[in-house]
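One chain follows as structure tokens, the form predicted on its own.
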Amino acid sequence: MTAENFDLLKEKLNGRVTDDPFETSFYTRDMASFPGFLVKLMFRVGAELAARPQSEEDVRQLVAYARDNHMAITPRAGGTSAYMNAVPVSGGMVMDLTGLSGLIRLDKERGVAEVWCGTAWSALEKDLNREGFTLCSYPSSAVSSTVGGWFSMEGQGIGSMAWGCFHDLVESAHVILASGEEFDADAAGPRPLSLFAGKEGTLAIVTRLTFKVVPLAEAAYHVSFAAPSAIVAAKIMDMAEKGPVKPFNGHFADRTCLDFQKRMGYEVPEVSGFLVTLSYRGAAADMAACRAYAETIRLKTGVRLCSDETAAEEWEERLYSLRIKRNGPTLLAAEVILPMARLNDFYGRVKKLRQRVSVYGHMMSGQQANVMAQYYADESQTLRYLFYLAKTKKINDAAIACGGRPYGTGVWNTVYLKRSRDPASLAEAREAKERLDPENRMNPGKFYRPPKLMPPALFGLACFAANLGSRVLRIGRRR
């Protein structure tokens, strides 16, 4: 990289690229907090350049510059993950794509929207609502999470119970490879959408997406149940999915999750086990049928219906499940995909952690749930914090033992790849990486294999020792 070439790049982008250490330092972490010495030991964290493109032409200029200088590129948007998916671990350039934002076009007849990748989901929903349309599904982090970021991740969240994975709603994606080649990927092309969906930015930069949206519903209905146990919570969800109208969304929170909210001053319903909330949207006549079916669920399970106000509040607060972080100082979590029928088994394993763990989840299609297990720690106490971090492995192990797996991969969850991913699909993904990014310049060090300094056997042994130490030292018993 010569100073002359870099100055020319800055001129072309009107200063929207910098090598200032203070500016690049903002991209050295995501939602998670890991001890600095551990991260520095394992990775070359941080970028040489930080770029903020405002157009596809800006992206082209940046990709060309990175190609000519053999520089790694780390695409980044909202940074709402916790696995270092969008944190540079091999130097190079971090490309902040939040400047590519907004609704490009809405085809009302076909029910599809073309959207820039850096658009926040909550902002997009407002734009669509003004046109009489709404999203089929969106992440629970919709306030800050972006369209491109969710496509690059697993795409499961609010609305997935009715509409399935977001990847299946996408019609096409405009992608730019590290070589500079760009094209529209769709379901049937030689390089189909499935190659890029969920690959966490390791194959290409996605600049815009075209996906399904629907007209605003005529009516909505929300109902909350006080389930005494995880078994009953799973039964409610099973009955709901088999009902006359499939819920748009179903989510649940255990008593500990409610207690954490109560500690912050929020009023929470008196529930001994789980609070389960179903949300429907559609024609007014269908909502009447949903209300009648909720009564059927109540009678067959023997649970108590909570007030309409509780159900409405649960829906209104659906994007703020992480507000319990303010109880901190640090909130640690493991996010997993789990067969709903195994929720009770998973819950029992998590409760053996000797740590107060809150369990919260959203239903997906196919009787699966996206579950978040959260607990408090203190990152300022570095040694004790390492003991707390090791507990996330026990949560992920519990999910795998129950037929589930970690949600998302990034860096930290690569240690579970052989235990949680189909070998054929993993081999196919690695082949695509070698073919489309032979120089390994697009978001290197993520997704495909564990870091050299973190082999699964050594990682497992270290976590086993740390968790044994937690039991002896009673770390977490009072939290």
Partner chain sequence: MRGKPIFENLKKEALVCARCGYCRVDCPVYEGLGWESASPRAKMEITRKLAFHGKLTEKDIARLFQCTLCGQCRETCSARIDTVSVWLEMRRRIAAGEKGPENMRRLAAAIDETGNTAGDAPENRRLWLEAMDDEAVLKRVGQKAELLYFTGCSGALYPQIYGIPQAFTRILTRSGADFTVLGENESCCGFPLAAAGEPERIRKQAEHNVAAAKELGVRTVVTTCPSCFHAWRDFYPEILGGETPFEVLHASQWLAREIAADRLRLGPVEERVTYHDPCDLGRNSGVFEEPRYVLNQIPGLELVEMECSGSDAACCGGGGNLEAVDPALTEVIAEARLREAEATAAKTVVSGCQQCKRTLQGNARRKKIRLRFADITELVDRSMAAYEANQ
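All values derive from a computational prediction rather than experimental measurement. Numbering follows the first chain given and starts at 1.
Same protein, other form: the form predicted in complex with the partner chain, not shown, and the subject of what follows.
*If we take heavy atoms and a 4.5 Å cut-off, which stretch out of 167-175, 190-198, 263-271, 67-75 is in contact with the partner chain in the predicted complex?*
Result of the contact check: 263-271.
_Using a 4.5 angstroms cut-off on non-hydrogen atoms, would Glu241 count as touching the partner chain in the predicted complex?_
No, no contact at 4.5 Å.
*Decide whether Pro329 counts as a contact residue for the partner chain in the predicted complex under a heavy atom distance cut-off of 4.5 Å.*
Taking the distances in the predicted complex, the answer for Pro329 is yes, it comes within 4.5 Å of the partner chain.
*Verify the contact flag for Asp30: yes if a non-hydrogen atom of it lies within 4.5 Å of a non-hydrogen atom of the partner chain in the predicted complex, no if not.*
Yes, contact at 4.5 Å.
*asked:* Residue-level question: is Pro228 within 4.5 Å of the partner chain in the predicted complex, judged on heavy atoms?
replied: The answer is no: Pro228 has no heavy atom within 4.5 Å of the partner chain.
*At 4.5 angstroms, heavy atoms only, are Leu343, Gln368 and Arg474 all close to the partner chain in the predicted complex?*
No: none of Leu343, Gln368 and Arg474 comes within 4.5 Å of the partner chain in the predicted complex.
*Note which of Arg323, Lys108, Arg291, Lys352 lies within 4.5 Å of the partner chain in the predicted complex, where distance is taken over heavy atoms; exactly one does.*
Result of the distance check: Arg323.
_Among the candidates Ser141, Ser358, Thr409, Ser279, the residue which, in the predicted complex, approaches the partner chain to within 4.5 Å (heavy atoms)_ = Flagged contact: Ser141.
*Residue by residue through 15-31, tell me which have a non-hydrogen atom within 4.5 angstroms of the partner chain in the predicted complex.*
Residues within 4.5 Å: Gly15, Arg16, Val17, Thr18, Asp20, Phe22, Glu23, Phe26, Tyr27, Arg29, Asp30, Met31.
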